[in-house]
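Below, in structure tokens: the form predicted on its own, a single chain.
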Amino acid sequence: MVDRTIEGKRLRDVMAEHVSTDERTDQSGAAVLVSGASFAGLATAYWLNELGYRVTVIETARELRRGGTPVDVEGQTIDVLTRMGVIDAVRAKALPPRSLEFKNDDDTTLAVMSAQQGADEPRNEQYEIHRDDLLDILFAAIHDVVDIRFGLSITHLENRPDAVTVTFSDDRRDTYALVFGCDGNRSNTRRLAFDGTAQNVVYPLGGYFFIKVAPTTALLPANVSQIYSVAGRTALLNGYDDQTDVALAFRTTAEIDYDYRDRAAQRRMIHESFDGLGWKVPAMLDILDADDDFYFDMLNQVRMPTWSTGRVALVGDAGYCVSPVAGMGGSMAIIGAGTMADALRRNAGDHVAAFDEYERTLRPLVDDVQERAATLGMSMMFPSDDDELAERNRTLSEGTLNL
């Protein structure tokens, strides 16, 4: 929900030495499995195919998982998409630049962050693209060269020194040289492959959020984001030509035990936190109440001691979710896939060395993004109390806010 936690230039500086050439490393058609068909899975499948592997992608949903808010593309993400040959398709679908406005109860603007710079400013090149558009671009890059199977999940993994035997939800069993878990924050692959080490890896940030993409343009102008905060509660709107992202987040001191399938209970929690607030919150609550087509979750990160075990490795949110606060989930998935590809190419035939290089290369960036999201991102976007709110507003008035 926060744009550009780390500047594009910093991403390039951290990762530049690891950009590979177009050299193809032939892996003699070894079979590999990718679990998950979102950004991490599709990008990982692309690179594995380029390296000569025989790739199968499985996705538990019956089709690509559509919906969700637009994605920021910048820094090292642009470098990876350029190497994949799809950056022109991304630019063609890029949304207009947007500004970010901080609002008061009476809709007074406290501060404005100017619209992002685009292709006419190469040093700061960054784009915003609808999630479904980027998903389609990545899918088009692989759909006719890899085996993609929908409606299928993993039920058991036997991670041996020489191969991984996988049992699927249709009871079929296959053996793969490598398995890549690209199946998101609640990764099934992580749960099956990492045993006890996958427990307690979810790091709560102290809050919960609701988000919905609504087919309305009445709440704010297009190409503008607006944020309204009181102590412990924040309302966020992103305006587009044909839709609006509606988000509400509230801070907590402890985790809430709730059923992720119970929309009515989630709706009650949101009303308990936001009923009676001003600004545009009443209209946002009306959108919440219109139907059950919304997303509700804890603000959290995934922090694992290692991203691989044996012949299984994690890419994207499954291994290092940075949280929506960072605004870089899609970027980290694509960067992670490119970093994994570079490590496999340089360590052909030695997955242990490749997985080690992948983690050594990427972890400093992940740690930096996660730390900034957990500290600066939370206090700036979702101030927890009056003191944090006053400090946030002071930095706004001084023009020193740095997201």
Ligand SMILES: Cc1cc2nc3c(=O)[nH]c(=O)nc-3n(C[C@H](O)[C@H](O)[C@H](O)COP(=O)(O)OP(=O)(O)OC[C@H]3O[C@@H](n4cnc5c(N)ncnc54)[C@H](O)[C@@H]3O)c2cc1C
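For every residue, the number given is its place in the sequence shown, counted from 1. None of the values given here were measured: they were computed from a predicted structure.
Note that the form predicted together with the named molecule isn't included here; everything after this is about it.
Student: Of 250 to 258, 92 to 100, 171 to 179, 145 to 153, which is the one stretch near the named molecule in the predicted complex, taking non-hydrogen atoms within 4.5 angstroms as near?
Tutor: The contacting stretch is 145 to 153.
Student: Classify D342 as contacting or not contacting the named molecule in the predicted complex by the rule of any non-hydrogen atom within 4.5 angstroms, answering yes or no.
Tutor: No - in the predicted complex, heavy atoms of D342 and the named molecule never come within 4.5 Å of each other.
Student: Contact between I211 and the named molecule in the predicted complex at 4.5 Å, heavy atoms?
Tutor: I211: contacts the named molecule in the predicted complex.
Student: Taking the named molecule as it sits in the predicted complex, is G330 near enough to touch it, meaning that at least one heavy atom pair lies within 4.5 angstroms?
Tutor: Yes, G330 is a contact residue.
Student: So, in the predicted complex, is G68 in contact with the named molecule at a 4.5 angstroms heavy atom limit?
Tutor: Because a heavy atom of G68 falls inside 4.5 Å of the named molecule in the predicted complex, the answer is yes.
Student: State the residue from V369, L33, L48, A40 whose non-hydrogen atoms include one within 4.5 Å of the named molecule in the predicted complex.
Tutor: Contact residue from the list: A40.
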